[in-house]
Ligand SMILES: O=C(CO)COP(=O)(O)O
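Starting off, we have a lone chain in the form predicted on its own, written out as structure tokens.
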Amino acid sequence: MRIGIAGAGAFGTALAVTLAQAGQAVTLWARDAEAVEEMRRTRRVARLPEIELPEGIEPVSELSSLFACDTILMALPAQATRVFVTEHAGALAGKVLVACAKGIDLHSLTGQTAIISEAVPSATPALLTGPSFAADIARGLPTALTLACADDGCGAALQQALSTPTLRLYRSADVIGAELGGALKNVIAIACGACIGAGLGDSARAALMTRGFAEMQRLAASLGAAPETLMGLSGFGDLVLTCSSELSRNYRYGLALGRGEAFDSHMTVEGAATARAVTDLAAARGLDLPISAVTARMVAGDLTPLQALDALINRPLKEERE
């Protein structure tokens, strides 16, 4: 299996590092030719400055080098996946394409693997998701992720090829459930960050996480996901990590909202776009997802965190299972 990684951001680079340290030869593609030349010269990247790139990583800016690989990990921002796979559908035909982004596409209101299947019907889509920070993976700290693929044979092969001594992959055939867990937890992480940033306390955060998880399960079930998938690494596991650590961009973005501070506009926050997509998806399916809805309004600047709290806490009382 010849492995390529599209996207030399923190997560794509971290995957390249752990795979190369395990003996895999990895082609790491970045769009910026100057940045690639710097990576070749220094064997470092700006997003993970303390990590030295192993010799098994070949940084490239030529797409032809990436497309020479039969398995490509798509470590691009979620909202960029559609453009990339559509523009390069011919070159990607017949390949195994592993989505690594966590987000719902604003255009189609679908996940990453559905975008891949639509643009490149002959490709085999898979998904790598779960509770992880790029720095932990790159430093060789123990991490467990979900590898989801509807093709059992391909999923098993990927599980073997992408697991390393410090990165343990669990296999799942429930691509929809794994995909939704990874995407939706980012929305709840923004809400939790805003909660803490506004000084509303840990008890309020616990309530947001719990009721937010109920919303994740509600939407996932309506789209055909297995309930147990959301209880695993790709759902509950990722929710716990992302809602409780400032290493999470989505959580830090929420903190900035709660504190009324500016946030780096050059930094990708997947949950911001996904909040809008989830709101549209819930409306189309007649689902009540109040935390996701107020988070989307906070992101849009229509509500302050305190106004969002007021909207949630004054909703009609109901049974917990609802």
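Note that residue numbering follows the sequence shown and begins at 1. Worth saying up front: this structure is predicted, and the values here are computed from it rather than measured.
Beyond what is shown, the protein has a form predicted together with the ligand; the following relates to that form.
>> Quick check on this chain: which one of S132, Q217, T113, S172 has a heavy atom within 4.5 Å of the ligand in the model of the complex?
In response: When the ligand is considered in the model of the complex, the option within 4.5 Å is S132.
> Which pick from A226, L241, A161, A204 sits with a heavy atom within 4.5 Å of the ligand in the model of the complex?
Replying inline: Selected option: L241.
> At the 4.5 Å heavy atom threshold, is T124 in contact with the ligand in the model of the complex?
Replying inline: No, no contact at 4.5 Å.
>> Is it the case that L247, even though its partner is missing from this view, gets within 4.5 Å of the ligand in the model of the complex, heavy atoms only?
In response: So L247 counts as contacting the ligand.
>> Check T146 for me: does it contact the ligand in the model of the complex (non-hydrogen atoms, 4.5 angstroms)?
In response: T146: no contact with the ligand in the model of the complex.
>> Only one of these stretches, 152 to 160, 217 to 225, 132 to 140, 115 to 123, has heavy atoms within 4.5 Å of the ligand in the model of the complex; which one is it?
In response: One stretch meets the cut-off, namely 132 to 140.
>> For the stretch 86 to 110, I need every residue with any heavy atom inside 4.5 Å of the ligand in the model of the complex, listed N to C.
In response: Heavy-atom contacts to the ligand in the model of the complex: only K102.
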